[in-house]
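Form predicted on its own, single chain, as structure tokens, below.
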């Protein structure tokens, strides 16, 4: 049984109400927006997704032997074999994140408990956000010095930059029939980043949304009472 975890935004979001579920041991807001149409931009917390990190000269070969697709070039990403994604951060560091209904990242983390020559686990305690909507261009203009909106999604680029003074990793990813932006930062800066982005999103006509509002299949998760 997976132990209960507390997300980096739990205190902020619990005060906002909404419908909650538990994903991978973490209480997670499933629905935070009551309107039938999705806000633009929409900002969601996806910190409950399982992820792990590893680096070292043997990391690429170890992942390949484990059956995990590996991006060919630095600062790029590819889809995982079981959903989710694999991001290559520089030449020899990798971030593996599972799909919401899969646990491969946890399996990899467990496998790395046994020392592997040239492969070193990297602790990932991220605040992970997802941003979606046509008005994200305006959001980036106010918060980031990289024009992420105009980077073609098919390039599968991973950008390491700063956003409102916080070091972040960002990529652009298809989601259903739309495009979303994935953001990871150190969990200790998560609340500040969330509050700042949400304030700007609201000024642009957007709002916070829950996990099941961006991953509709997750609506099947049982609800919980905080």
Partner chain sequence: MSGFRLPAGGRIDRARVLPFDFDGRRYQGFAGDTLASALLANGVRLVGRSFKYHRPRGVLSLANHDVNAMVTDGISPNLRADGLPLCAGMRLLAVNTFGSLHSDRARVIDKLARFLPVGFYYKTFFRPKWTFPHWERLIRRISGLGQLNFQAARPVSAKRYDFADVLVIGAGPAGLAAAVCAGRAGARVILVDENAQAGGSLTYARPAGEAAATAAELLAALAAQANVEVRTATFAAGYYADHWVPLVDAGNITKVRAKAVVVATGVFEQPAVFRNNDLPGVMLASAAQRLIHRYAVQPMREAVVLTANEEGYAAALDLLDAGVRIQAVIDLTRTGEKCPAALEVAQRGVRILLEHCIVEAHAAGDGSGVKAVSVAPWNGSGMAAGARETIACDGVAMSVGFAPATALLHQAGAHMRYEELPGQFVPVQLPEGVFAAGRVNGVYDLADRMRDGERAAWLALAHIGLGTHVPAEAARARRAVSHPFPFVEHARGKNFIDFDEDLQLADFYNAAQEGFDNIELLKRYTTVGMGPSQGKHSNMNAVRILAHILKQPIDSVGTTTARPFFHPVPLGHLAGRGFHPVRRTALHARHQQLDAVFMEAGMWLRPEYYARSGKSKAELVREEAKAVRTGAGLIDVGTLGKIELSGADAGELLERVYTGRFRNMKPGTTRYGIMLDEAGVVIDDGVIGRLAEHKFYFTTTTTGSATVYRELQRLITMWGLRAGIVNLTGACAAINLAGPSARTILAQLADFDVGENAFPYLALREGTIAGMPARLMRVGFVGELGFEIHMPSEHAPALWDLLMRAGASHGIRPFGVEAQRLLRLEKGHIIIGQDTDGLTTPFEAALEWAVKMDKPFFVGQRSLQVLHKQPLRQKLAGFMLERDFNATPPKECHLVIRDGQIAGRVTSIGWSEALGRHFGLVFLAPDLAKEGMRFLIRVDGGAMVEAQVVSTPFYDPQGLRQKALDPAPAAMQAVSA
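Numbering follows the first chain given and starts at 1. Fair warning: this is a prediction, and the values are worked out from it, not measured in the lab.
The discussion below concerns the form predicted together with its partner chain, not included here.
For the marked spot (6, 145 and 188), a heavy atom within 4.5 Å of its partner chain in the predicted complex is present in each of the three residues. Look at 97-105, 152-160, 131-139, 73-81: in the predicted complex, residues with non-hydrogen atoms within 4.5 angstroms of its partner chain sit in 131-139. Although the partner is absent here, residue 89 lies well away from its partner chain in the predicted complex, with no heavy atom inside 4.5 Å. For the chain shown alone, residue 217 is not a contact residue for its partner chain in the predicted complex, no non-hydrogen atom being within 4.5 angstroms.
Although the partner is absent here, residue 11 is a contact residue: one of its heavy atoms lies within 4.5 angstroms of its partner chain in the predicted complex.
Mapping the unseen interface onto this chain, residue 196 counts among the residues with a heavy atom inside 4.5 Å of its partner chain in the predicted complex.
In the predicted complex, 120, 121, 122, 123, 125 are the residues of 110-130 with at least one heavy atom within 4.5 Å of its partner chain, listed from first to last.
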